[in-house]
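The data below hold one chain only, encoded as C-alpha coordinates and taken in the form predicted on its own.
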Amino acid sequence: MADVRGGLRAAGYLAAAQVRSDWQYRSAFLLAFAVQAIVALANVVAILIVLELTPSLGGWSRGQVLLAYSLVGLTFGLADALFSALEDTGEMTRTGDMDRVLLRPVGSIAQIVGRNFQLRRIGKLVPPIVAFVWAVPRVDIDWGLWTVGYLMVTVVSATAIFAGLWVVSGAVGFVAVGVRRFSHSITYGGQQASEYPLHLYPRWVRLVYGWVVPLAFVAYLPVIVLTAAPNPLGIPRWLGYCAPLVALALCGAARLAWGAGTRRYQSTGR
(Lines give C-alpha, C1' and ligand atoms only; values in the text may rest on other atoms or scores of the structure.)
Protein backbone atom coordinates (compact mmCIF):
# COMPACT_ATOMS: atom_id res chain seq x y z
CA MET A 1 0.00 0.00 0.00
CA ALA A 2 2.90 2.34 0.71
CA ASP A 3 4.18 1.80 -2.83
CA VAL A 4 0.73 2.52 -4.24
CA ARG A 5 0.40 5.74 -2.24
CA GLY A 6 3.88 6.80 -3.28
CA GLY A 7 3.09 6.11 -6.91
CA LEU A 8 -0.14 8.08 -6.74
CA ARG A 9 1.63 11.03 -5.13
CA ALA A 10 4.35 10.97 -7.77
CA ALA A 11 1.80 10.76 -10.57
CA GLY A 12 -0.13 13.66 -9.03
CA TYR A 13 2.95 15.87 -8.76
CA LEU A 14 4.01 15.12 -12.33
CA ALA A 15 0.50 15.65 -13.69
CA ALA A 16 0.15 18.95 -11.81
CA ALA A 17 3.45 20.14 -13.25
CA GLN A 18 2.29 19.20 -16.75
CA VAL A 19 -1.01 21.04 -16.27
CA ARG A 20 0.81 24.18 -15.08
CA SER A 21 3.04 23.97 -18.13
CA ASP A 22 0.11 23.58 -20.53
CA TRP A 23 -1.80 26.41 -18.87
CA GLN A 24 1.01 28.84 -19.72
CA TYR A 25 -0.40 28.76 -23.25
CA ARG A 26 -4.08 29.17 -22.54
CA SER A 27 -5.24 29.81 -26.09
CA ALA A 28 -3.51 26.69 -27.36
CA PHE A 29 -4.93 24.68 -24.47
CA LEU A 30 -8.51 25.86 -25.04
CA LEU A 31 -8.21 25.24 -28.77
CA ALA A 32 -6.93 21.70 -28.15
CA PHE A 33 -9.76 21.15 -25.64
CA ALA A 34 -12.31 22.25 -28.24
CA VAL A 35 -10.76 19.99 -30.89
CA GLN A 36 -11.00 16.99 -28.55
CA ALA A 37 -14.68 17.76 -27.93
CA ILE A 38 -15.40 18.17 -31.66
CA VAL A 39 -13.69 14.89 -32.53
CA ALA A 40 -15.73 13.08 -29.86
CA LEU A 41 -18.86 14.78 -31.18
CA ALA A 42 -18.33 13.02 -34.51
CA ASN A 43 -19.26 9.71 -32.84
CA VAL A 44 -22.54 11.20 -31.64
CA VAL A 45 -23.31 12.50 -35.12
CA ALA A 46 -22.64 9.06 -36.62
CA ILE A 47 -25.02 7.42 -34.14
CA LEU A 48 -27.70 10.06 -34.76
CA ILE A 49 -27.45 9.52 -38.51
CA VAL A 50 -28.02 5.80 -38.02
CA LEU A 51 -30.93 6.45 -35.65
CA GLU A 52 -32.44 8.90 -38.12
CA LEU A 53 -32.80 6.03 -40.59
CA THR A 54 -34.46 3.68 -38.12
CA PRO A 55 -36.66 4.29 -35.06
CA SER A 56 -34.75 1.66 -33.08
CA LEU A 57 -31.47 -0.21 -33.32
CA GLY A 58 -31.65 -3.92 -32.62
CA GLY A 59 -34.81 -3.26 -30.63
CA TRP A 60 -33.13 -0.53 -28.56
CA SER A 61 -34.73 2.91 -28.55
CA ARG A 62 -32.85 6.08 -29.40
CA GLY A 63 -32.57 6.92 -25.71
CA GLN A 64 -31.14 3.51 -24.82
CA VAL A 65 -28.53 3.68 -27.61
CA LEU A 66 -27.45 7.17 -26.57
CA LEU A 67 -27.33 6.10 -22.92
CA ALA A 68 -24.95 3.30 -23.93
CA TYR A 69 -22.86 5.77 -25.92
CA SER A 70 -22.70 8.18 -22.99
CA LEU A 71 -21.48 5.47 -20.60
CA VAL A 72 -18.82 4.32 -23.06
CA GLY A 73 -17.73 7.85 -23.97
CA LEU A 74 -17.55 9.04 -20.37
CA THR A 75 -15.61 6.09 -18.99
CA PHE A 76 -13.32 5.75 -21.99
CA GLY A 77 -12.64 9.49 -21.89
CA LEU A 78 -11.60 9.31 -18.24
CA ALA A 79 -9.33 6.31 -18.85
CA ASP A 80 -7.92 7.91 -21.98
CA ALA A 81 -7.04 11.11 -20.15
CA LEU A 82 -5.33 9.21 -17.33
CA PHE A 83 -3.70 6.20 -18.98
CA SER A 84 -3.39 6.67 -22.75
CA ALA A 85 0.25 7.79 -22.33
CA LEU A 86 1.06 4.11 -21.80
CA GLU A 87 0.71 3.59 -25.56
CA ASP A 88 4.16 5.22 -25.82
CA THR A 89 5.77 2.24 -24.07
CA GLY A 90 6.93 0.69 -27.33
CA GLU A 91 8.59 3.90 -28.51
CA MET A 92 10.20 4.46 -25.12
CA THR A 93 11.53 0.91 -25.24
CA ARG A 94 12.94 1.45 -28.73
CA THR A 95 14.71 4.71 -27.86
CA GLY A 96 15.92 3.59 -24.44
CA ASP A 97 13.95 6.28 -22.60
CA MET A 98 12.49 3.51 -20.48
CA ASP A 99 15.90 3.19 -18.78
CA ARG A 100 15.37 6.39 -16.85
CA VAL A 101 11.86 5.39 -15.87
CA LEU A 102 12.82 1.99 -14.49
CA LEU A 103 15.89 3.28 -12.65
CA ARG A 104 13.88 5.71 -10.52
CA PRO A 105 12.49 4.54 -7.17
CA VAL A 106 8.91 5.28 -8.22
CA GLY A 107 6.40 3.07 -10.02
CA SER A 108 6.91 3.11 -13.78
CA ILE A 109 3.19 3.41 -14.59
CA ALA A 110 2.86 6.42 -12.29
CA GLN A 111 5.82 8.12 -13.95
CA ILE A 112 4.61 7.58 -17.51
CA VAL A 113 1.01 8.63 -16.94
CA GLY A 114 2.04 11.56 -14.74
CA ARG A 115 4.64 13.15 -16.96
CA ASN A 116 2.51 12.74 -20.11
CA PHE A 117 -0.82 13.78 -18.60
CA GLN A 118 -2.75 16.03 -21.00
CA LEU A 119 -5.67 17.84 -19.41
CA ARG A 120 -7.04 18.85 -22.80
CA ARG A 121 -8.14 15.25 -23.36
CA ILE A 122 -11.04 15.79 -20.98
CA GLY A 123 -12.66 17.66 -23.86
CA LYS A 124 -13.78 14.21 -24.98
CA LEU A 125 -16.09 14.11 -21.96
CA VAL A 126 -18.33 16.94 -23.15
CA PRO A 127 -20.38 15.07 -25.83
CA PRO A 128 -21.01 11.99 -23.61
CA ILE A 129 -22.21 14.19 -20.76
CA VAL A 130 -24.58 16.05 -23.09
CA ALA A 131 -25.81 12.73 -24.53
CA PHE A 132 -26.40 11.38 -21.01
CA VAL A 133 -28.44 14.44 -20.02
CA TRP A 134 -30.51 14.06 -23.20
CA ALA A 135 -30.98 10.29 -22.94
CA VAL A 136 -31.94 9.89 -19.28
CA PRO A 137 -35.40 11.55 -19.52
CA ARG A 138 -36.15 9.42 -22.60
CA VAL A 139 -35.62 6.00 -21.05
CA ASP A 140 -37.62 4.24 -18.37
CA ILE A 141 -35.35 4.13 -15.31
CA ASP A 142 -36.70 3.54 -11.82
CA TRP A 143 -34.60 6.14 -10.02
CA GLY A 144 -33.64 5.69 -6.40
CA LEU A 145 -30.60 5.38 -4.18
CA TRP A 146 -29.93 1.90 -5.53
CA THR A 147 -30.04 3.11 -9.14
CA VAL A 148 -27.72 6.04 -8.47
CA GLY A 149 -25.31 3.77 -6.59
CA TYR A 150 -25.38 1.18 -9.39
CA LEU A 151 -24.69 3.87 -11.97
CA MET A 152 -21.75 5.26 -9.97
CA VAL A 153 -20.25 1.79 -9.47
CA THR A 154 -20.70 1.10 -13.18
CA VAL A 155 -18.85 4.28 -14.17
CA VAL A 156 -15.95 3.51 -11.82
CA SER A 157 -15.79 -0.14 -12.90
CA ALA A 158 -15.99 0.67 -16.61
CA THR A 159 -13.25 3.29 -16.26
CA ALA A 160 -11.10 0.69 -14.51
CA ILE A 161 -11.78 -1.81 -17.32
CA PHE A 162 -10.58 0.66 -19.96
CA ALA A 163 -7.61 1.58 -17.76
CA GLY A 164 -6.68 -2.10 -17.51
CA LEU A 165 -6.79 -2.36 -21.30
CA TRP A 166 -4.41 0.61 -21.60
CA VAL A 167 -2.00 -1.05 -19.18
CA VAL A 168 -2.14 -4.39 -21.01
CA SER A 169 -1.61 -2.77 -24.41
CA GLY A 170 1.26 -0.75 -22.95
CA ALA A 171 2.85 -3.88 -21.50
CA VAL A 172 2.92 -5.44 -24.97
CA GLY A 173 5.22 -2.58 -26.00
CA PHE A 174 8.03 -4.04 -23.89
CA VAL A 175 8.27 -7.13 -26.07
CA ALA A 176 6.83 -6.00 -29.41
CA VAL A 177 8.05 -2.54 -30.35
CA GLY A 178 5.88 -0.64 -32.82
CA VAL A 179 2.54 -2.14 -31.84
CA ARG A 180 0.66 1.13 -31.40
CA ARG A 181 -1.92 0.08 -33.97
CA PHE A 182 -2.50 -3.14 -32.09
CA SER A 183 -2.98 -1.10 -28.94
CA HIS A 184 -5.49 1.14 -30.70
CA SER A 185 -7.45 -1.86 -31.98
CA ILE A 186 -8.05 -2.87 -28.36
CA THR A 187 -8.63 0.55 -26.82
CA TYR A 188 -10.12 2.86 -29.46
CA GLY A 189 -11.52 -0.09 -31.40
CA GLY A 190 -13.17 -1.41 -28.25
CA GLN A 191 -14.64 1.99 -27.51
CA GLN A 192 -16.25 2.29 -30.94
CA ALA A 193 -17.56 -1.28 -30.88
CA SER A 194 -19.14 -0.72 -27.47
CA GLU A 195 -21.16 2.30 -28.57
CA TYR A 196 -23.72 0.09 -30.29
CA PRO A 197 -25.77 -2.83 -28.87
CA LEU A 198 -23.59 -5.92 -28.74
CA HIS A 199 -26.19 -8.20 -30.33
CA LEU A 200 -25.89 -6.29 -33.63
CA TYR A 201 -22.45 -7.74 -34.31
CA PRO A 202 -21.40 -11.12 -35.74
CA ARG A 203 -20.64 -13.83 -33.22
CA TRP A 204 -16.84 -13.48 -33.41
CA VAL A 205 -17.04 -9.72 -32.75
CA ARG A 206 -19.30 -10.33 -29.76
CA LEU A 207 -16.83 -12.89 -28.45
CA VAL A 208 -13.76 -10.67 -28.84
CA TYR A 209 -15.08 -7.26 -27.82
CA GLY A 210 -17.78 -8.47 -25.46
CA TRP A 211 -16.10 -11.17 -23.40
CA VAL A 212 -12.39 -11.66 -24.25
CA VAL A 213 -12.03 -7.90 -24.03
CA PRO A 214 -14.82 -7.62 -21.46
CA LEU A 215 -16.51 -4.51 -22.78
CA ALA A 216 -20.02 -5.95 -22.46
CA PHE A 217 -19.78 -4.83 -18.81
CA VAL A 218 -19.12 -1.19 -19.75
CA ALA A 219 -22.49 -0.23 -21.21
CA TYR A 220 -24.38 -3.13 -22.82
CA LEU A 221 -25.23 -5.02 -19.65
CA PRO A 222 -25.75 -1.86 -17.51
CA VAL A 223 -28.27 -0.49 -20.02
CA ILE A 224 -30.14 -3.81 -19.92
CA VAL A 225 -30.19 -3.66 -16.11
CA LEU A 226 -31.16 0.01 -15.89
CA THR A 227 -33.75 0.24 -18.66
CA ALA A 228 -34.86 -3.38 -19.25
CA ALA A 229 -33.62 -3.01 -22.83
CA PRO A 230 -34.22 -5.96 -25.20
CA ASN A 231 -31.74 -8.77 -24.62
CA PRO A 232 -31.84 -10.98 -27.75
CA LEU A 233 -28.71 -12.86 -26.67
CA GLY A 234 -30.45 -14.05 -23.52
CA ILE A 235 -27.56 -12.97 -21.28
CA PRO A 236 -28.38 -13.59 -17.58
CA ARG A 237 -29.37 -10.32 -15.94
CA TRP A 238 -27.16 -10.99 -12.91
CA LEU A 239 -24.06 -10.59 -15.08
CA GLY A 240 -24.90 -6.90 -15.22
CA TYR A 241 -23.87 -6.64 -11.57
CA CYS A 242 -20.44 -8.22 -12.08
CA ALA A 243 -18.62 -5.21 -13.55
CA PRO A 244 -16.63 -4.52 -10.33
CA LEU A 245 -15.39 -8.12 -10.22
CA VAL A 246 -14.45 -8.02 -13.90
CA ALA A 247 -12.63 -4.71 -13.39
CA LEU A 248 -10.66 -6.10 -10.44
CA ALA A 249 -9.71 -9.22 -12.38
CA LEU A 250 -8.65 -7.26 -15.46
CA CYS A 251 -6.64 -4.73 -13.46
CA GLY A 252 -4.92 -7.58 -11.61
CA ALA A 253 -4.07 -9.27 -14.91
CA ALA A 254 -2.86 -5.93 -16.29
CA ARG A 255 -0.57 -5.43 -13.31
CA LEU A 256 0.91 -8.89 -13.81
CA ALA A 257 1.38 -8.22 -17.53
CA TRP A 258 3.13 -4.93 -16.81
CA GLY A 259 5.41 -6.60 -14.26
CA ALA A 260 6.27 -9.33 -16.76
CA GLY A 261 7.03 -6.67 -19.38
CA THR A 262 9.37 -4.71 -17.13
CA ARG A 263 11.24 -7.89 -16.17
CA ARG A 264 11.77 -8.72 -19.84
CA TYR A 265 12.93 -5.21 -20.68
CA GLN A 266 16.41 -4.96 -22.12
CA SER A 267 18.12 -1.61 -22.52
CA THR A 268 19.08 -0.46 -26.01
CA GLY A 269 22.62 0.08 -24.70
CA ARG A 270 22.63 3.75 -25.64
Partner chain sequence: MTPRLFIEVARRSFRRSSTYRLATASALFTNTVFGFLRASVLLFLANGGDLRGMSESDLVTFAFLSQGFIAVVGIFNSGPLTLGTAIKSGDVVIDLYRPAGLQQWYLAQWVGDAGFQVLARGVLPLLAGALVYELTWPDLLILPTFALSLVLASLLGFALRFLVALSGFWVFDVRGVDAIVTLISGLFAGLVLPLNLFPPALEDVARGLPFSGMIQLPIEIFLGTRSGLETVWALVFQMGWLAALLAVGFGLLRVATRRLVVQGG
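Numbering follows the first chain given and starts at 1. Computed from a predicted model, the values in this text were never measured in an experiment. Rigid core: the largest C-alpha set superposing within 1.5 Å between the two forms.
The same protein has a further form, the form predicted together with the partner chain, not shown here; the description that follows concerns it.
This chain appears without its partner; in the model of the complex, the one residue of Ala28, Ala228, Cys242, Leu233 with a heavy atom within 4.5 Å of the partner chain is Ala28. Within this chain, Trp238 is remote from the site of the partner chain in the model of the complex, having no heavy atom within 4.5 Å. Remark: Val212 does not count among the residues lining the partner chain in the model of the complex, judged by a heavy atom distance of 4.5 Å or less. Not displayed here, the partner chain is kept clear of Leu207 by more than 4.5 Å at the level of heavy atoms in the model of the complex.
Contact check for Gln192: a heavy atom falls within 4.5 Å of the partner chain in the model of the complex.
Contacts between stretch 108-141 and the partner chain, counted in the model of the complex as any heavy atom lying within 4.5 Å, involve no residue at all. After superposition on the rigid core, displacement of the C-alpha of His199 between the shown form and the other one stays below 2 Å.
Fitting the two forms on the rigid core leaves the C-alpha of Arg94 displaced by at least 2 angstroms between the shown form and the other one.
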